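Listed next as structure tokens is one chain, alone, in the form predicted on its own.
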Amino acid sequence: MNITLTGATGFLGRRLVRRLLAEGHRIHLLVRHAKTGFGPDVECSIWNAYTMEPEPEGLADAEAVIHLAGEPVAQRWTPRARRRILDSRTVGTRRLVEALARLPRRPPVLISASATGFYGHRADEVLEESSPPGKGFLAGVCLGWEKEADAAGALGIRVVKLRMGVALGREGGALAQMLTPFQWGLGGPLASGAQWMSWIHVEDLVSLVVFALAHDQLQGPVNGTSPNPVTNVEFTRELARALRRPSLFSVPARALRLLYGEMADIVLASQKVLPGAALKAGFEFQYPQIRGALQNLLA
């Protein structure tokens, strides 16, 4: 299959490109810089989502498009950062869909990233794909992001909006940031620790993207999370267990807000998200439980 992919140099994108190449797919990347580190087997076109539409040759032969590009959310949300976070997703997705509209032959499927931030802070409420959006900055970003992706549906393209949870992988993402304090015995719950954490092993997330390419019944929002969310206290206990370290210290919410500003809402929000659409379509998780996932990543 000929696949065009954005966001290939990110935490998820790099793993996904390696998987797709191993399975024999032909990959064309839309990237801001030509040096990607993937070698000559991967074609690239330069695309700056803020200023231009993708070049036609980057999409002309595509049988699927996977859109992962977006400004990192894990930074202080200054006014400029908030604008970059929003525009990189909404404007970037709009430009991509406009380019797809001009193609004489359009790809059958667009898999567009989103996030469980769509649901906002929901305490102990069980959240599935049919749940309404929440409130707050990140929920608003996800809502606008998905709206732009939905425009591809009017072009006859199957649109999958992958609402990704906390992807766990040793080489990047949230887990990589947690390892140092835990390894020094300084880890512990965040605030009360009662908030639900909707997580997924990064290899399961990669597998879910590949699964969505091949299964036409997956359409619309798809929660990219494990079927077994855990509270922050439970996650902390299992991470300490996997590292054979104590977890004696807790981090007050006030300290998190001083350190990260409004971005602390990400780790303080409670989201108990279930992957109903993926399970109904027959997707099988390799790492459905947090203990097994952490043992695999940290062994």
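Residue positions are given as counts along the sequence shown, with the first one as 1. Please read all numbers here as calculations on a predicted model, not as lab measurements.
What comes next is about the form predicted together with a small molecule, which is not displayed.
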Have a look at Leu127, Val97, Met197, Ala115 for me and say which one sits with a heavy atom within 4.5 Å of the small molecule in the predicted complex.
Ala115
Residue (of Gly165, Pro221, Pro107, Gly134) lying close to the small molecule in the predicted complex, criterion heavy atoms within 4.5 Å
Gly165
Listed range touching the small molecule, judged in the predicted complex by heavy atoms within 4.5 Å, from 231-239, 245-253, 269-277, 61-69
61-69
Within a 4.5 Å heavy atom cut-off, is Arg32 in contact with the small molecule in the predicted complex?
yes
Answer yes if any heavy atom of Arg89 is within 4.5 Å of a heavy atom of the small molecule in the predicted complex; otherwise answer no.
yes
Taking heavy atoms only, is Leu12 within 4.5 angstroms of the small molecule in the predicted complex?
yes
Ala8 within 4.5 Å of the small molecule in the predicted complex, heavy atoms:
yes
